[in-house]
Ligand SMILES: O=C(O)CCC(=O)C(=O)O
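Okay, so here's just one chain, in C-alpha cells, the form predicted alone.
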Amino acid sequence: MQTAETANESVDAHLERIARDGYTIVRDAVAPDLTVRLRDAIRRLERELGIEPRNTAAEGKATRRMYNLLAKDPVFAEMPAHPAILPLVERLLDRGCLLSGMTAIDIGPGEEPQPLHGDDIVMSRHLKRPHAPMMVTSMWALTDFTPENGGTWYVPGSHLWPQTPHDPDAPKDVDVQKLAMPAGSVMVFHGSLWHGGGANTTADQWRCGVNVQYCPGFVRQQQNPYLGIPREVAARLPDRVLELLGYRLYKGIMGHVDGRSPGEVAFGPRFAETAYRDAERRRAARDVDR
C-alpha cells in the first residue's frame, strides 16, 4: 500500500511545498483498484439515488455532487485514513484532527468555473489572514483531471495573502493555474488557498473526484456525521475513521457526554474514555517516564 513517504517524495517535502505554495500533489497515491472501485461506486450511486446538479453558484449547474459518503457505501471508508494522505494532514493539524466532510464532485460538460474561494472562508471571517490551517482539503482524482474537463483552478501562494477572494481589496490580476493530474493522484492543500472547480469545455468528459476535508479537533465539521451516518453503519467503521469522525475526546476534554467520550456512549467499552481523568493519568505516566 502506498504511503506518504513512498509516494514520490517524503512527508517533509510535501509539507514544505504546502507551506510555500499552499498545495502539493501526491502522485500515484491511490492504488488503481481502489480508484476504480471508488469511481464505480459513485457512478452507481448517482444512478440509484437520482443525483442531479443542485444549480447553485457553489455547487454548479452541470455538476453532480454527493455528500455523506461514509453512509452510502463501505468502499468510502478506505479514504479518510489513507496512509498516503493522512500523515500529511496530521502534520498540518494534529492527530486529533477531524474529518470535516467527504463530497463526490462529478463535473459534467458545459460546467462553468466555480467562483474562487478558500475552504476555510467561515474561519477567515474571524481570524486575521494568513493563519494556521483551519481546514486541510485533499482532492482525489478518480478520473484524469485536465484543464479542459474541469481540473481544479487554484492560485499558488494565495494562502499567505491577507485577503480572501471576496474582500473588496482582493487582488484582481492573479495567477490562476489549472490542475492537471492523472487518476489516482491527490492534491492536498491549505484551506486558505484560493481555488475553485474548473470549467468543463469538453463535449463528453465527466471529471470525477472526491473532496476529503479535515479540520482541527476544536472546529465544527462541515458535514454532520452523528446524524448523517446511522449508528449501525458507524459501528462497522475502522477505529481510526471513528476517531476522525469525533467519537474520541479531543485533548481528553472536548466533546464529552456527561464525562464520557461519544464513542463510549455509542459503542461501549470499545471507545471507553473519561474526560479529564484519563488525560491526567496519561500526563502523569509521561512525567514518570521522563
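Position 1 is the first residue in the sequence shown; the rest follow in order. None of these values were measured; they are calculated from a predicted model.
Omitted from view is the form predicted together with the ligand, to which the following refers.
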Scan Thr146, Thr143, Asn211, Thr164 and let me know which has any heavy atom within 4.5 Å of the ligand in the predicted bound form. Asn211
Of the residues Ala84, Val89, Met139, Leu99, which one places a heavy atom within 4.5 Å of the ligand in the predicted bound form? Met139
Spot the stretch among 124-132, 165-173, 75-83, 109-117 with residues whose non-hydrogen atoms come within 4.5 Å of the ligand in the predicted bound form. 109-117
Residue contact check: Leu93 to the ligand in the predicted bound form, 4.5 Å heavy atom: no
Even though the partner isn't displayed, in the predicted bound form is Arg207 close enough to the ligand, meaning a heavy atom within 4.5 Å? yes
Exercise: Val219 in contact with the ligand in the predicted bound form, heavy atom 4.5 Å: no
Would you please decide whether Gly196 lies within 4.5 angstroms of the ligand in the predicted bound form, comparing each non-hydrogen atom pair? yes
Honest question, do Leu15, His159 and Ser192 all end up within 4.5 Å of the ligand in the predicted bound form by heavy atom distance? no
Pick out the residues of 64-93 whose heavy atoms come within 4.5 Å of the ligand in the predicted bound form. Arg65
